[in-house]
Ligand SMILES: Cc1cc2nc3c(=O)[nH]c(=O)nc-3n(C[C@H](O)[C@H](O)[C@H](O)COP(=O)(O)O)c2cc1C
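We begin with a single chain expressed as structure tokens, specifically the form predicted alone.
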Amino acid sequence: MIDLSTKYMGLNLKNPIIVGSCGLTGTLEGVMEMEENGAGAVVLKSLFEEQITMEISNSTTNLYTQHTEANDYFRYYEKMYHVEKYIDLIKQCKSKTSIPIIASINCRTADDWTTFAKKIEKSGADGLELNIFLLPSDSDRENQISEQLYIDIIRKVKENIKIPIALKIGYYFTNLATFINRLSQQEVEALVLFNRFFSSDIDIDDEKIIIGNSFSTPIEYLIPLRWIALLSDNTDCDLCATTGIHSGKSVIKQLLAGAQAVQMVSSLYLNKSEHLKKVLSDLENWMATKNYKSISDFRGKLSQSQIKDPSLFERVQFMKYQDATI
């Protein structure tokens, strides 16, 4: 009997495949569909800090908000209304499903939104994923300032809740390994590697900025694979792989590197939710072929500390062997 169960963020998952935050997890029906097709857990579509701020700003154009007290009321009401809809979604999902429901906040500051986390906890969410990504494009901002903001956000949220926290980050840091270790020591239960950020493109015919490819490609799994293999034995929390996880093979590779779980999104948009069943079947069949009875039998088997040549994960240039075309 093959056991696919795992622990992630201290939560018991029936398998290591999590549906990441996206439009597919923005409704009760979507979440139920993911559970039906085998998801081990679901991260709800993110509540965006910017979206809340935008709604509050728009309310100031209302004629009735010219009065100071009325303006304060409408700003509070609109913020609470948006949050309450999210809270309702959490409650509905908890009442209709049995898999862990992880709420998500996409944030850029450590402002008053951090108190929303308490409402999320009270609604019954099993955990909270903080999706933080700051593109280091401001040449006037010191690296230490940007990195400290991540720490500040974690600490402020930790002041308000006791449910487990996962932090989803990008890979644009001066010393990624050092910073990931520092984050893992901030009492977070997991780090999600890596955030796939919005990409801009250029239409050369109309000469305008357009949205780039929204979906990841299967080859992108190599980015989290390297860093999970390098760090899985040296962090104080779980590591979850995301971006480019499109198949059972990519799931297996991340687990071999030391990931505690993986998140899938793009492949489910491209192949529908039924794709989860195939991925799980491929994982189970591979384990049966290798005579593995549980995920723990092989997790981290090919992390950097376990392989004969640890430098394989650190090489950044091609090496010329027999093939002179490389």
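The first residue of the sequence shown is number 1, and the count goes up from there. Model, not experiment: these values are computed from the prediction.
FYI, the form predicted together with this ligand isn't displayed, but the following is about it.
**Q** Identify, from the list S216, S232, T114, S184, the residue with a heavy atom within 4.5 Å of this ligand in the model of the complex.
**A** None of the others qualify; the residue that does is S216.
**Q** Of A257, V279, M264, V31, which one comes within 4.5 Å of this ligand in the model of the complex, counting heavy atoms only?
**A** Filtering the options by heavy-atom distance leaves M264.
**Q** Do P164 and this ligand share at least one heavy atom pair within 4.5 Å in the model of the complex?
**A** No, P164 is distant from the partner.
**Q** Does F48 reach this ligand in the model of the complex, with heavy atoms at most 4.5 Å apart?
**A** Yes, contact at 4.5 Å.
**Q** Within a 4.5 Å heavy atom cut-off, is C22 in contact with this ligand in the model of the complex?
**A** It does: once this ligand is placed as it appears in the model of the complex, C22 has a heavy atom within 4.5 Å of it.
**Q** Residue-level contact is defined here as any heavy atom of the residue lying within 4.5 Å of this ligand in the model of the complex; does F298 satisfy this criterion?
**A** F298: no contact with this ligand in the model of the complex.
**Q** Looking at 95-103, 171-179, 207-215, 119-127, which one sits within 4.5 Å of this ligand in the model of the complex if you count heavy atoms only?
**A** Correct option: 207-215.
**Q** Could you tell me if all three of W227, S250 and Q306 have a heavy atom no more than 4.5 Å from this ligand in the model of the complex?
**A** Answer is no for this spot.
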